[in-house]
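The data below hold one chain only, encoded as structure tokens and taken in the form predicted on its own.
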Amino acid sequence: MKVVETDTADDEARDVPALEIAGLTHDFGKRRALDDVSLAIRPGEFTVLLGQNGAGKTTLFSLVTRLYDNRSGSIRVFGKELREHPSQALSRIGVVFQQRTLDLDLSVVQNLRYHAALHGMARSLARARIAEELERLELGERAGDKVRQLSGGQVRRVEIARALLHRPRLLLLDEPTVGLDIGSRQGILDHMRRLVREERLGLLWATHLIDEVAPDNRVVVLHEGRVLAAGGVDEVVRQAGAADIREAFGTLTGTKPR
């Protein structure tokens, strides 16, 4: 897939959503994984997709990234219908999947060079961007280390650096802090919120952890494949008639939040 230059300023002037999903339904045989899901994410928004394991978060990510083909509903990335313009849409997405996807026996920089090559980046450009991303994620000194020598938090930061190499305008992160200690989790959250704020990225952060929701985030509550509520934290709390987002999630889903 080649790097595609895009007119970000024009998109924002037209108020084009970074991601717009409408009426998305997906089945695995007789099991319905997603049921008429609709949501929208705009540039500069940190949106939390909040749902317990099995809610459909990973299925949604798989459809947006074309690992699965959507046969119903619509997925648009900056106005581009995913099925009609897959290359243009996907070139604007950076993704970190729940499962680790780096080659453990390659070095950090070798993993990133491989990703850059897949996006058709010239070596000189790839070298500059790799150095830049590793530096701002405080991994510059680990560039030559094999991935298996890194801590869990460092591996996640390498995956984030990889997702950012081709300068996406939409980031998708599926349970990116699972298995990490509190310090690593908070460091990654702080970095991503800073990116959203400073670079006006659209970001969809999938998690089952209530404490990863900040007061100024937007929230989409997904449960058993259905969107139960969406909006700012205060709006979702008000819709549920609850005192806070933890109580709201439990009330909406009938479950005990973590």
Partner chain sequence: MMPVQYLRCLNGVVGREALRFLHQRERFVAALVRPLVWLFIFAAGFRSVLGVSIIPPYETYVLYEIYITPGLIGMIQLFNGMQSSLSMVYDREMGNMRTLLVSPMPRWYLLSCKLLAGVIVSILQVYVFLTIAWFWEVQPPLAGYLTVLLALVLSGLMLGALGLLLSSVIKQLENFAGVMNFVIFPMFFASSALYPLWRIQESSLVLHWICAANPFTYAVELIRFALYGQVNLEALAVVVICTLVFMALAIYGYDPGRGLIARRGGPAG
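Residue numbers count along the first chain shown, from 1. Because the structure is predicted, anything quoted here is derived from the model rather than measured.
Just so you know, the form predicted in complex with the partner chain exists too; it's not on screen, but the next bit is about it.
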Margin query: Contact with the partner chain in the predicted complex for T59, defined as at least one heavy atom pair within 4.5 Å: yes or no?
Written below: yes
Margin query: My question is simply whether T65 lines the interface with the partner chain in the predicted complex - judged by any non-hydrogen atom within 4.5 Å.
Written below: yes
Note to self: Is V178 part of the interface with the partner chain in the predicted complex - any heavy atom within 4.5 Å?
What the structure shows: no
Note to self: Is D36 part of the interface with the partner chain in the predicted complex - any heavy atom within 4.5 Å?
What the structure shows: no
Next item on the list: Only one of K146, R76, R167, R185 comes within 4.5 Å of the partner chain in the predicted complex by heavy atoms, so just point that one out.
Entry: K146
Notebook entry, point to check: Quick check: do D69, D105 and M121 each get a heavy atom within 4.5 Å of the partner chain in the predicted complex?
Noted result: yes
Next item on the list: Please name which of the stretches 27 to 35, 186 to 194, 212 to 220, 227 to 235 has residues with heavy atoms lying within 4.5 Å of the partner chain in the predicted complex.
Entry: 27 to 35
